[in-house]
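Consider the single chain below, provided in C-alpha cells and representing the form predicted alone.
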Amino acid sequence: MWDVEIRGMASAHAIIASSIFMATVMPAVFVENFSVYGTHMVWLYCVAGSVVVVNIAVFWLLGISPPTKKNTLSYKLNRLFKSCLYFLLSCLFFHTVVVLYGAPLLESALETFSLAVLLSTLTTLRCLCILGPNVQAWIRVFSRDGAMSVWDTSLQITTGCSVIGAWLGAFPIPLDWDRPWQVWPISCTLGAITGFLTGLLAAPVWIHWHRKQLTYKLK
C-alpha cells in the first residue's frame, strides 16, 4: 500500500513539475522576445495558470480531493464559491505579509500582488485540492503531528518549501550586483518556484525514507 501511494504521489508531482517546465518553454512560441526576466509577469502568470489547471486535473483524476457530502448543484456551487473566496483571501494575506516584510506599498503593487497570487497557487490551491475549503482541516494538517495521510505530509513539505524559497529569494535584491533577476519580484518568484519544485521532489523521497516511522492511516 505504501509503495502504491508513494508511486502515485511521485507521478502526480512529476506531472505538476513538467507543467512548470512547459509553461516556461511554450510561451516563447507565441510571445515575441519572451524570457523569464524580460517578460516576467507573462511568465509568472503562465506558470501560475498551468499549476492551477494541472493540480485540479491531477487531484481530481486521482480521487485525492475530499468527497462531497451532497451532490446537489447548490452545494457544489457553494463549495466552489468558498474555494474562490479562500484563494482570494490567501492572495490578500500574502500581499500583506510581503508588504510588511519590506515590499513597496504602492510602487510595483501589481508585481507584489502577482507574487502573492503565485504563492497562493503553490500553497493554498493545493490545500483546496487535497482538503477542500475546510479551514479546520487546514489547521489540523499544519499543526504538530496533524498529518493523516501521505498527501497531508506532502502538503506540509511543498507549502513550507515554497514559502521558504520565496523568503530566501528576497536576500539578493538589495545587493549592488545590478543583475536583471534582482528586479522586484523576480528573485522571489524564482525562489518560490524553486522551493516548490524542491518540495515536489523531496516529499515522496522523505515519505519513502521515513515510512516505518509514519503511523497515520492511509486514505
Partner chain sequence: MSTEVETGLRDDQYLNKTDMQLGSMSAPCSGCAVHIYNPEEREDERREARMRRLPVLVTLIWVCSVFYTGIFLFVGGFLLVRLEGSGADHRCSEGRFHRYDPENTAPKPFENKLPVLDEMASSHPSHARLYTFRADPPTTTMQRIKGFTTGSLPTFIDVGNNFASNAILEDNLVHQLGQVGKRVVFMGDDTWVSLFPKKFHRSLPFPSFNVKDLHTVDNGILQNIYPTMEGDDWDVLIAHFLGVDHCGHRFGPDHPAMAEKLSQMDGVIRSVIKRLKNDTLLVVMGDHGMTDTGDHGGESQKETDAALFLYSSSPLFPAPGSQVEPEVVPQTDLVPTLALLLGVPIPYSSVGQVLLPLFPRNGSRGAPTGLSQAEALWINVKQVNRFLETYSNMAKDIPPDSLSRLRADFSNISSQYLAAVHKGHLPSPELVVSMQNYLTAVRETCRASWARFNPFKMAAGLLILGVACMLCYVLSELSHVVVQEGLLKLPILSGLAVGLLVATGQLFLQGYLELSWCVGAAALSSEVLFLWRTRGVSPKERWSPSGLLTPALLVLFLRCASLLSDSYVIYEGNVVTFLLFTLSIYVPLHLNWDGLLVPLPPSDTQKQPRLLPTALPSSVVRRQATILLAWLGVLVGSLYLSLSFHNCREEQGTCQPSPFLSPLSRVQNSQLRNLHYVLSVGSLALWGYLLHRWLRHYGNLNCTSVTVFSACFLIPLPCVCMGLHWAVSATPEDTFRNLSELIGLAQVFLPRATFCLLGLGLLLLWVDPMMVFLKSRTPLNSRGTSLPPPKYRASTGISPQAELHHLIPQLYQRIRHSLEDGATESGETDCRPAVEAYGLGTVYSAPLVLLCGLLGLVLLLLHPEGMALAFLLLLLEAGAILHIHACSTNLSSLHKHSNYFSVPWAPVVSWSLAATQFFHSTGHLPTFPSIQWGAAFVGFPQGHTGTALPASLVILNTFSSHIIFAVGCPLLLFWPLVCEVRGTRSTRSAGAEESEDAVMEMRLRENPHKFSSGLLQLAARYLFVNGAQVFASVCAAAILRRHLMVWKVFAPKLMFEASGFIVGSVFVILGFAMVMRVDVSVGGLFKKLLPQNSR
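Just so we're clear, the structure is a prediction, and the values are computed from it rather than from any experiment. Positions refer to the first chain, counted from 1.
Not pictured, yet referred to below: the form predicted in complex with its partner chain.
Comment: 174 to 182 is the region of 42 to 50, 174 to 182, 190 to 198, 27 to 35 lying near its partner chain in the predicted complex, near meaning a non-hydrogen atom within 4.5 Å. Shown alone here, V54 lies farther than 4.5 Å from its partner chain in the predicted complex, counting heavy atoms only. Under a 4.5 angstroms non-hydrogen atom cutoff, its partner chain in the predicted complex has A170 among its neighbouring residues. The closest non-hydrogen atom of F142 lies within 4.5 Å of its partner chain in the predicted complex.
Mapping the unseen interface onto this chain, Y101 counts among the residues with a heavy atom inside 4.5 Å of its partner chain in the predicted complex. Three-residue candidate spot V97, L105 and Q156; every residue lies within 4.5 angstroms of its partner chain in the predicted complex by at least one non-hydrogen atom.
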